[in-house]
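Just one chain follows, in the form predicted on its own, and it is written as structure tokens.
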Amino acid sequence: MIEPFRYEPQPARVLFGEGRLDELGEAVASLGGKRALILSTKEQAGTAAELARRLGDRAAGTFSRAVMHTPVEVTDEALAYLSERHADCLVAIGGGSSIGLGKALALRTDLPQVAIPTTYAGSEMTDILGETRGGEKTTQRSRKILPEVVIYDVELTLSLPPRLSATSGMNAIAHAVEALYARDGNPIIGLMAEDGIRAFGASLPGIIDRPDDLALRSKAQYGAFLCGACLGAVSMALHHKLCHVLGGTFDLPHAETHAIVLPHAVAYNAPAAPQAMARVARALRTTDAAGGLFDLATRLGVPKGLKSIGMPSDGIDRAVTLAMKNPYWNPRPLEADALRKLIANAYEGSAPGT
């Protein structure tokens, strides 16, 4: 018997496939946009300028100062530039930094957004915004935050270096893993989550060796869409809480933090969510979810421990305290001693559960 459930698909239009970037002008016009502000990081300023050329008279300008964790100071700068340029639409190209900035601006202005992801982070499919103020990261949800149009063009991911592809993909897998044991999960999201994990498990190792393989890149981007949709549809748990704490507190790189922490968070929750763990293991063609994720991360060359990406050794206790403060719901209750062991293992890069 199917248990009762609630499913509310996010009201976003998704354009998926090779060459879909050609439809950007049409997408902006469909939202009533006449002056689109294009957002990117400094590294993708050239790509943002190319989008402005494509849009022609519909481009209001470019703002290429998006950074990790969406600090409110940068949002304030972008908000002032947006007002100066009289923009009536937002186009964000890149990963979570650019798309996060677009969401922060949309929350404050209610302007429509077109998101063009070039990584596998999945932020484009959610109504979630994580912002950093004074070194502390907080999250909120609002329909204002959700992009109205998402353009997935596989050609834009070809320039994503193999190592970044690996960490970005592991970050996306985390969304699907937590969706499988989410308090508000449902059978539809469960199918999407398992297939998303399967798509990444089948594509990421090949991308490391053949980064120009369009078929593998397409499969990974499909996985990113599915995992991002999971993140946008149900609530997350311990893994995401930990990564927000670690990233916001110690300014750690977002994708790497998720990739390192994921196997350890899964090991922590495994006794309380056996059915979810069986689905993760099945998607990865292994018998142990945490071990399979750790082995995949190792095969992909993901950094071994949090200490290798800049976390200070004296930050473990602080991270435990912050993670215990206003915790997300989790299938296994949070226990300070067990949480400390989890973070210590992730810090050292030890095998999960040891």
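Numbers follow the displayed sequence, beginning with 1. Just so you know, these numbers come straight off a predicted model, no measurement behind them.
Although it is not shown, the form predicted together with ligand NAD is what the next lines describe.
Chemist: Report whether the minimum heavy atom distance between Glu43 and ligand NAD in the predicted bound form is within 4.5 Å.
Modeler: The answer is yes: Glu43 has a heavy atom within 4.5 Å of ligand NAD.
Chemist: Indicate whether ligand NAD has at least one heavy atom within 4.5 Å of a heavy atom of Leu160 in the predicted bound form.
Modeler: Although ligand NAD is absent here, Leu160 would touch it in the predicted bound form, with heavy atoms inside 4.5 Å.
Chemist: Using 4.5 Å between non-hydrogen atoms, is Ala29 touching ligand NAD in the predicted bound form?
Modeler: No, no contact at 4.5 Å.
Chemist: Is Gly96 one of the residues lying within 4.5 Å of ligand NAD in the predicted bound form, judged by heavy atom distances?
Modeler: Answer yes; at least one heavy atom of Gly96 falls within 4.5 Å of ligand NAD in the predicted bound form.
Chemist: Though ligand NAD is not shown, can you say which of Gln221, Thr126, Asn269, Thr75 has a heavy atom within 4.5 Å of it in the predicted bound form?
Modeler: Only one listed residue qualifies here, and that residue is Thr126.
Chemist: Considering Lys137, Lys241, Arg198, Arg279, which brings a non-hydrogen atom within 4.5 Å of ligand NAD in the predicted bound form?
Modeler: If I apply the 4.5 Å criterion carefully, the residue I get is Lys137.
Chemist: Using a 4.5 Å heavy atom cut-off, indicate which stretch of 184-192, 76-84, 105-113, 253-261 touches ligand NAD in the predicted bound form.
Modeler: It is the stretch 253-261.
Chemist: Which residues within 50-69 place at least one heavy atom within 4.5 Å of ligand NAD in the predicted bound form?
Modeler: Going through 50-69 in order - heavy atoms within 4.5 Å of ligand NAD in the predicted bound form - the hits are Met68, His69.
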